[in-house]
Structures are given as structure tokens and as C-alpha cells.
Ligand SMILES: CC(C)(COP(=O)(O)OP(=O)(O)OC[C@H]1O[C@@H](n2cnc3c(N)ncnc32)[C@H](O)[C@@H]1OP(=O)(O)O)[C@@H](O)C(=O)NCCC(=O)NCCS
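As C-alpha cells, one chain now follows by itself in the form predicted on its own.
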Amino acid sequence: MEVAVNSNEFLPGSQGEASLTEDNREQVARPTIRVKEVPERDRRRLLMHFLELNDSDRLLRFGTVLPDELITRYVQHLDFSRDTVLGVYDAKLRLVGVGHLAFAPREARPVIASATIKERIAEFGVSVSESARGAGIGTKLFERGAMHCRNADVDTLYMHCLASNQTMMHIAKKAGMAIHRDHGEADAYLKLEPASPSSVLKEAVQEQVASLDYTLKANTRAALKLLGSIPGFKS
């Protein structure tokens, strides 16, 4: 299988202040998407997100229609100390978008081992709840994942999916990834630039803002729950 990588830098927000296109105007009108690292204590929320995916979505996310018991096992065995899970939470603190960065030694992927001198590569997988689609959540998760890889000294980001997965193909093309299709499956690769003070600061700020947003949502839910227990109170 041919290995192809794109040498152009992929850094979200680094393309300057171009004039607003129709797509850009749509993005401006959308609510702000906050991407936060999912902690291990939210493993149950992660499980609920995957269990809510229908058969078609499970096929696109995992390459096969996993039954509930295998999805449960998958979530139970996620290693949060090795991998990074990124999430977008709604107002009820449900995960409506999940991006999984699975890190592995470059030898684990012989096809792309020669494309990097780094010790690790990263594979990205993403899923978005049906109710939250069309808002750009998948793209935001990918952008944050690419930035995290740069800052973690990983220069090769890899995606493997079904060629029919239009969402992943859209993300890959938008990011400038080189795509190789073979027998109904697709591999996409992105060569990342080294970390910079700007990329490190940007990720830290995004995580801090997303964590604050999460805390505000949690406090609001707790306050509403408390008020709801007061006799005569109507939300």
C-alpha cells in the first residue's frame, strides 16, 4: 500500500483573516463549540454516547456493527493514561461528540513507519450524536486532536475508515490529508509541523475555557435541580 502524506502545516486558525466566504459566515452564525479532554471519571458518559449510536453510525465509527456488550467492553478497556479522548458536551453534560486519539509505536503501523522518525503515531476516530450533526463538531474535534498531537511530539496523524464514511472523508479533505482508498476502505494521513509556543498556548487556553464552560453547565444543572426540589417552584 502506498504511503502518502501531506507536508502542509495543519494548524487551526493559522490561515489568516481571509474574507468571509459563505461557509465562514455559516460558522460565525453557529454556537461556539468547546472541545474538552474527557476525564476517566466520565467513562459512563462516554459509554452512553456510543450506545446511543444506531447500527449505521456504529458501522461508520468502528468499521462493523458492534453490539452493546462489545461497545461496553471497548469503553471499559480504554486506557486514559495512554490515549486522549476529546469531547463536546451539551447543556445537560451529555457527550454529543467524541474524538479518540489512540497513540501507538510507529512500528505498530508498518505502512507509515517510514513516514516519521518520531517514536509514536496517532490514530483518530470520531463520532457525533445524530442530534448534534451539521454544526461542525467533527471538524472541531479533529482540529483539537491535530493540535494535541503536535504538542505531544507526534508528527503523523492517521485515520482509517470505510470509504463510504462521508463525514470522515469530508474532515480528511478539509484538513488536506492524503487519502488512499482500497477495497471499500480508506486510509488518510496528515504530516504535522512541530509544536510551537503558539500551539502550546492555544491548546492550553482552549482546554481552560472548555473546562470553565463544563463547570458552569454543571453548576447550572445543580442549581436547577435544587430549585426544582422547592415546593411551588416552576422552571
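Quick caveat: nothing in here was measured; it's all calculated off a predicted structure. So that there is no doubt, residue numbering starts at 1 and follows the sequence shown.
Although it is not shown, the form predicted together with the named molecule is what the next lines describe.
Assess the spot marked by 81, 122 and 148: is the named molecule within 4.5 Å of a heavy atom from every one of these residues in the predicted bound form?
-> No, the candidate spot makes no contact with the named molecule.
Position in contact with the named molecule when the complex is considered in the predicted bound form, options 115, 161, 154, 102, heavy atoms within 4.5 Å | Comparing distances to the named molecule in the predicted bound form, the residue within 4.5 Å is 161.
Taking the named molecule in the predicted bound form as the reference, which of 47, 66, 186, 171 has a non-hydrogen atom within 4.5 Å?
-> Going through each option in turn, the one that passes is 171.
Quick one: does residue 138 come within 4.5 Å of the named molecule in the predicted bound form, counting heavy atoms only?
-> Judged by the heavy-atom cut-off of 4.5 Å, residue 138 is in contact with the named molecule in the predicted bound form.
Answer with yes or no whether residue 57 is in contact with the named molecule in the predicted bound form, where contact means some heavy atom within 4.5 Å.
-> Looking in the predicted bound form, residue contacts with the named molecule include residue 57, since a heavy atom lies within 4.5 Å.
Residue 32: heavy atom within 4.5 Å of the named molecule in the predicted bound form?
-> Because no heavy atom of residue 32 falls inside 4.5 Å of the named molecule in the predicted bound form, the answer is no.
Residue 206, heavy atom within 4.5 angstroms of the named molecule in the predicted bound form = No, residue 206 sits far enough from the named molecule in the predicted bound form that none of its heavy atoms falls within 4.5 Å.
Mind telling me which stretch in 57-65, 35-43, 192-200, 176-184 gets its heavy atoms within 4.5 Å of the named molecule in the predicted bound form?
-> This holds for exactly one stretch, 57-65.
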